[in-house]
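What follows is a single chain, given as structure tokens, in the form predicted on its own.
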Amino acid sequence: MKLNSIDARGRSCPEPVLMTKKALQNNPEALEVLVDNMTAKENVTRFAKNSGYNVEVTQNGNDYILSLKK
């Protein structure tokens, strides 16, 4: 199954969290979020966990790939 994904690189918080929230409304089962800073990684992870998602974080160079699944 291919995850839906959003690219939030270059965005400052709270925009990555808002983008994640909106994307999850369209596809509530799974989402991949790409961010490029620690603050966005931590905030999106916190939002997802508080919303009942499991979060797997993978680092790819300077980017973080957050895989959110119910």
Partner chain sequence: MNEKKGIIFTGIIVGAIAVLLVKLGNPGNMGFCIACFLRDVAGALGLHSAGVVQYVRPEIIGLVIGAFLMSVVGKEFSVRGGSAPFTRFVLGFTVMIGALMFLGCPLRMILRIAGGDLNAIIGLVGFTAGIYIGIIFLNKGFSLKRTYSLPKFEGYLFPGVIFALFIIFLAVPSLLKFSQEGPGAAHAPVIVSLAAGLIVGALAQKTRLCTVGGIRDLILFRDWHLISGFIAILATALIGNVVLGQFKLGFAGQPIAHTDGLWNFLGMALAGFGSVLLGGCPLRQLILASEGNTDSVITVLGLISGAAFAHNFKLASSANGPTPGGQIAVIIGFIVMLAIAYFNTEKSTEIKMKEDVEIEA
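Residue numbers count along the first chain shown, from 1. Just so it is clear, the model here is predicted, and its values are computed rather than measured. The term rigid core refers to the most C-alpha atoms you can superpose between the two forms while keeping them within 1.5 Å.
If you look for the form predicted together with its partner chain, you will not find it shown, but the lines that follow are about it.
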* **4.5 Å heavy atom contact, Ser12 to its partner chain in the predicted bound form** => yes
* To do: May I ask you to check whether Tyr53 falls inside a 4.5 Å heavy atom distance of its partner chain in the predicted bound form?
  => no
* To do: Report yes if any heavy atom of Val57 sits within 4.5 Å of a heavy atom of its partner chain in the predicted bound form; otherwise report no.
  => no
* Asked: Is there a non-hydrogen atom of Glu29 within 4.5 angstroms of a non-hydrogen atom of its partner chain in the predicted bound form?
  -> no
* Verify the C-alpha shift of Asn27 between the shown form and the other one: is it 2 Å or more after superposing the core? => yes
